[in-house]
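Encoded as structure tokens, the following chain is the form predicted alone, with no partner shown.
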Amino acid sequence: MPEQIYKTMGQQFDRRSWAEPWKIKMVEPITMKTGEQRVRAMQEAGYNTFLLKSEDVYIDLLTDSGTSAMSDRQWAGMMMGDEAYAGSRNFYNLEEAVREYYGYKYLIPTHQGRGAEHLISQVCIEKGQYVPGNMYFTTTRLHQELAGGTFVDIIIDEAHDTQTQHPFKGNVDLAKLEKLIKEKGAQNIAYVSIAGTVNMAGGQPMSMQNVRDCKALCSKHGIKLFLDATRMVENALFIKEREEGYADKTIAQILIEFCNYTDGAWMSSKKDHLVNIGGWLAVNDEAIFEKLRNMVIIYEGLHTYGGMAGRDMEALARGIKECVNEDHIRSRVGQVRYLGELLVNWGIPIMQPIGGHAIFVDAARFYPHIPQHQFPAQTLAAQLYLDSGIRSMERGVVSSGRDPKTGDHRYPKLELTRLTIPRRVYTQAHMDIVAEAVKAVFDHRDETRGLKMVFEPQYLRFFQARFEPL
């Protein structure tokens, strides 16, 4: 009888579930506010989820930046912080980890990614130069513009279509890049700026062949190729899964090969590296390094701490080693896929293929009756919070900002609401709740109206803008 039951169960259940590769050792209580409390909180926040108080949020999917849960080994490392102003041993541990897993010669620590973006922009961009890249990122483009540069999008066209099933939507369109070089002249290209798992394109990866070809083209014209490595570990997993010849490579091997095709990288370690604060900038060119090392003292701190405490550098160094663990990265991306597949099965429009760090709901398809100047992605983020206390964020016309020359809204082809999954924080049950909340809002989509902007700051308006319902 037991044998027969076993066989019957085997016939009924032809799949095996996966589980997170960690145990929960400490918990932080969360509670959902009442409907009235959520309405009041959203009104006080000006319908901008960035302005909500954390205590008013139930499940926080605003960002994966600095929101990860650190491991017991990282917390142990925090107790080994060398807080010397100069020459902290934790800096040298960090330097060694970056060289081992990313391969760059020279390291400049920064307080977070945008500190590194600022330094590389100030050192490597001359006024009037162009900076081509595989889709913009908000802070990156702003630093490039403040340094006198002009960003040019050279991502493949498929990246702007949420339904196209292209395996590497983050790829550079080499024809676009070559055309730009021919029209503007190589001397007027500051550098080529690429990113792994392109954030504004829905976390879409770049292939190894594409970065290899991109490097060859840049070398032909004497142009540097710099990488935003913020989520490159996720990109490495997609290469392993989708690109011929990499199935048997480790994540660490794929990561360092990718980086070897670039001349340097900046990093917001608050993502892949599983820490709450920190970043770095690394290059292979000694002359550029000396300029950066001098500038970091002005803006961040001494070149052996760059705005971080010793304990933070130690946790970061240990996070670099943990993030390339095969079980970890499969679980991390697997949780994102689980949520995305639930939404797809219910007919909810999202960016496909599903990306590495977040689900990007296609707000333009979700709310086809709301025109882009009435901020459909911002509207969806507000409605999701009102329904269930879940915090997401807008990635559309608000994030795109205004054209500095005309002052008009930039209208990107993608109008997305991002549900960003923190690493090692939430369970599968939380993902079920999120999916059900999105479906509840979707079921009432025809009743929803857009927003009008009533306050707009000068820079990076999506952080602080305020709205009112129409």
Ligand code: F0G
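Keep in mind the model is a prediction, meaning the values are calculated, not measured. From 1 onward, residues are counted along the sequence shown.
One more form of this protein, predicted together with the ligand, exists but is not displayed; see below.
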Q: Let me know the one among 389, 113, 310, 319 whose heavy atoms come within 4.5 Å of the ligand in the predicted complex, would you?
A: 113
Q: Using heavy atoms only and a 4.5 Å cut-off, determine which of 208, 393, 363, 201 is in contact with the ligand in the predicted complex.
A: 393
(Q) If we define contact as a non-hydrogen atom of the residue within 4.5 angstroms of the partner, is residue 234 a contact of the ligand in the predicted complex? (A) no
(Q) Is residue 332 near the ligand? Define near as a heavy atom within 4.5 Å, in the predicted complex. (A) no
Q | Proximity of residue 134 to the ligand in the predicted complex, heavy atoms at 4.5 Å | A | no
Q: Answer with yes or no whether residue 139 is in contact with the ligand in the predicted complex, where contact means some heavy atom within 4.5 Å.
A: yes
Q. The ligand isn't shown here, but in the predicted complex, which of 22-30, 429-437, 60-68, 401-409 has heavy atoms within 4.5 Å of it?
A. 60-68
Q) Though the partner is not shown here, which residues of 115-135 have a heavy atom within 4.5 Å of the ligand in the predicted complex? A) 117
